[in-house]
Ligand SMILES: Cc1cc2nc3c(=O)[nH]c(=O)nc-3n(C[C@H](O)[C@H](O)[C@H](O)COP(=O)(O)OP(=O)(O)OC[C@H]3O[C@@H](n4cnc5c(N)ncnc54)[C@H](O)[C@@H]3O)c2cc1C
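Next up: a single chain in structure tokens, the form predicted on its own.
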Amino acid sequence: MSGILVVMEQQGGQWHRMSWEALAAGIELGKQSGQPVLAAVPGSEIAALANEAATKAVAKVHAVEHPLLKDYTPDGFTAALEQLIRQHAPTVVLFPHTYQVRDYAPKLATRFGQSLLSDVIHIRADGGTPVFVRQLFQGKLNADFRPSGNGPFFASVQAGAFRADSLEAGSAQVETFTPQLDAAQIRTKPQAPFREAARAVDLTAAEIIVSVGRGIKDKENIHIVEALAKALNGELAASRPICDNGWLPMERQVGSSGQTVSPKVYMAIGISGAIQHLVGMKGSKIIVAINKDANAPIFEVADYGIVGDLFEIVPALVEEVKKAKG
């Protein structure tokens, strides 16, 4: 059957948050093209996760179940998903753009004589053919990619490009798919997963982020913006120059070399809006910018813009927030 297949990622029974963003991308394309959206969850003992995915507005969920898929291996995942794709013949296969996907998805696409188009920020249907949009030159240009041939076409979705909270509820059938796998096919032996040092803050989970840039002028002035973050019960973040100078820890950096975030509200204070920063926060639902330069690029993406001196505006905002909270 034709359709859009979204391969969702889980590890140890826990979803990767970007799986829901990829599913949102698939559902958006499905609405435009009139095709059913199918979800695939590879792993072992994943019935609970498959049932959770089935509560979204998809046509069907494939629980790709096998003991050899308990631990991720590129050979195992490639072989299992190749069998699923050949059986159901989707026109488009979407993935979240994770480290794991970058490891095996190009290999999987090659099995079908295709390439993986990575880090897609937008997808649309045009005359029955999907058009994928991705950025070039560190986000300075957007390029349309229209695949040729009959597919299936493979693409991964950039973090923050699609909103997981846009997913509608549904009730889909869960179908178990058991691939034919043999231990001899798997040439790598999984080791204990890498565990990075625990972060003091996970900006990706924050609903409100107040971010500061070079307009703050000096480290001693950071407290001005920090007060606003505290008043709003939000997280304090920064552009790269602030973290490079050591004024805030690197874990609070937003941008192409920091964290990619998509909060409900993102406040950019004293941030000019270099493209390296914009790619890390453009998925925010509401963007508020405060900058004394009326021509700052940040205003091109802002929903609300205030042109003025942050040293006057931010303290006034803090007082108004406190009054509103009583």
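By rigid core we mean the largest C-alpha set that fits within 1.5 Å across both forms. Since the model is a prediction, treat every value here as computed from it, not as a measurement. Heads up: residue numbers just count along the shown sequence, starting at 1.
Beyond the structure shown, there is the form predicted together with this ligand, which is absent from this document and is the topic of what follows.
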inquiry  = Going by heavy atom distances of 4.5 angstroms or less, which of 179, 74, 241, 147 would be at the interface with this ligand in the predicted complex?
reply    = 241
remark   = The one option of 214, 163, 88, 134 with any heavy atom within 4.5 Å of this ligand in the predicted complex is 214
remark   = Assert contact_stretch over 254-262, 47-55, 25-33, 65-73 against this ligand in the predicted complex, heavy atom within 4.5 Å, equals 254-262
query = Would residue 285 count as touching this ligand in the predicted complex under a 4.5 Å heavy atom rule?
reply = no
query = If you check in the predicted complex, is residue 311 within 4.5 Å of this ligand, heavy atoms only?
reply = yes
ask   = Are any of the heavy atoms in residue 300 no more than 4.5 Å from a heavy atom of this ligand in the predicted complex?
value = no
inquiry  = Taking this ligand as it sits in the predicted complex, is residue 42 near enough to touch it, meaning that at least one heavy atom pair lies within 4.5 angstroms?
reply    = no
inquiry  = Is this ligand in the predicted complex close enough to 122, 130 and 304 that every residue in that trio has a heavy atom within 4.5 angstroms of it?
reply    = no
task = Taking only heavy atoms into account, state which residues of 271-293 are within 4.5 Å of this ligand in the predicted complex, ordered by sequence.
result = 271, 272, 273, 274, 276, 277, 290, 291, 292, 293
message = If I superpose the two forms on their rigid core, does the C-alpha of residue 270 end up displaced by 2 Å or more between the shown form and the other one?
response = yes
ask   = Cα of residue 217 displaced 2 Å or more between the shown form and the other one, core superposed?
value = yes
task = Align both forms on the core first, then report whether residue 257 has a C-alpha shift of 2 Å or more between the shown form and the other one.
result = yes
key: Sense of CA distance change between residue 259 and residue 28 in the predicted complex, threshold 3 Å   = farther
ask   = residue 257 to residue 99, Cα distance in the predicted complex relative to here: closer or farther, by 3 Å or more?
value = closer
